[in-house]
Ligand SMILES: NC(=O)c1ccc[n+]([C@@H]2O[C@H](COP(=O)([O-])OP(=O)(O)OC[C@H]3O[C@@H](n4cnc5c(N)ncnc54)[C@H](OP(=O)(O)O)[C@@H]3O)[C@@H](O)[C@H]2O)c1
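Presented as structure tokens, the chain that follows is alone, the form predicted alone.
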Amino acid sequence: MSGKLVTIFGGSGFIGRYLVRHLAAQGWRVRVAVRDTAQAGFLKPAGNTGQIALVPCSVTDEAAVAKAVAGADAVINLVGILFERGGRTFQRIHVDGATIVAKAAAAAGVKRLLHLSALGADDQSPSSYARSKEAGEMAVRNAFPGATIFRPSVVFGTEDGFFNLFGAIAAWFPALTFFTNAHPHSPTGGGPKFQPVYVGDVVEAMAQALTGEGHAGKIYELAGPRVYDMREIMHIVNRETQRKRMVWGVPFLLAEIGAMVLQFLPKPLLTPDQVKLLRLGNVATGRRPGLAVFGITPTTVEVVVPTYLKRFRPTQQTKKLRLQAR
């Protein structure tokens, strides 16, 4: 073991669990700072005895953050939210929380700080989420000028909230719906475009940034090898779940109306702010370096997504495939 210590805020989330395992395998001692240590208990077996420690901490608690970064060689902030609830606002988490972490890391003499932002971060965006991501980046760089910032596109992997969501919809509903500003059957009517990036590639890039040279103060756009519109994504879901759902394009106006109602759910499927973000799509600008800098060949959707969307296939189809394999 290298003996080096990294503190990861939000290490029990989707990307965090992969990063914890990856860094533990490289010999890092990993301190995972999370609000609920009991729910993060599944991370303990990812390393050797004593290699992974869980500490209770909220990024908005200055004293707890200072304690969490004490003695660390590196700090990684993965904390983010997709919708606001009560005191957990975009400003409070993406800006204030990120500032607290960056200032604490600087005060503790931490050598490397990695900050996870999002592709589309923009202070001119109509989306509050995107504006807060840009504001968070600026706050982090002001507090810790050498911070390395990552802007991933939609991240996919076994536990993702993107392809799995549509897989569940395909399993339970008669249609897969996407939103578009054009005629849904026209070549340009496939809806917003995305460039999904594999979680393993994101984690590898972040791990390299911890130990490699030349990454301090840089902003990286992490995106996959191919751009898809929403219509194509729905067809992939249909194919890999082995369903024959109607792929139905509807105007964005319906998304806006639906979001007005859905936003009040405990965990909303769609909010008005997310509709604004959805309209913009999520594709790399090409103005920032990406995975190539790390020598990473982006993993395709077609290689990984079929391995976990199969859980949404009809039971009888799964049985049929098992019998054919005998």
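Only a predicted model underlies this, so the values are computations on that prediction, with no experimental measurement involved. Sequential numbering from 1, following the sequence displayed.
Just so you know, the form predicted in complex with this ligand exists too; it's not on screen, but the next bit is about it.
Residue contact check for residue 129: one or more of its heavy atoms lie within 4.5 Å of this ligand in the predicted complex. Under a 4.5 angstroms non-hydrogen atom cutoff, this ligand in the predicted complex has residue 80 among its neighbouring residues. Residue contact check for residue 69: none of its heavy atoms lie within 4.5 Å of this ligand in the predicted complex. The closest heavy atom approach of residue 309 to this ligand in the predicted complex falls outside 4.5 Å. Though this ligand is absent from this view, in the predicted complex it lies within 4.5 Å of a heavy atom of just one residue from 44, 35, 276, 288, which is 35.
Checking 233, 113, 116, 98 for any heavy atom within 4.5 Å of this ligand in the predicted complex turns up a single hit: 116. Residues with any non-hydrogen atom within 4.5 angstroms of this ligand in the predicted complex fall in just one of 239 to 247, 102 to 110, 165 to 173, 148 to 156: 148 to 156.
For the partner-free chain shown, nothing in 191 to 219 comes within 4.5 angstroms of this ligand in the predicted complex, judged by any non-hydrogen atom.
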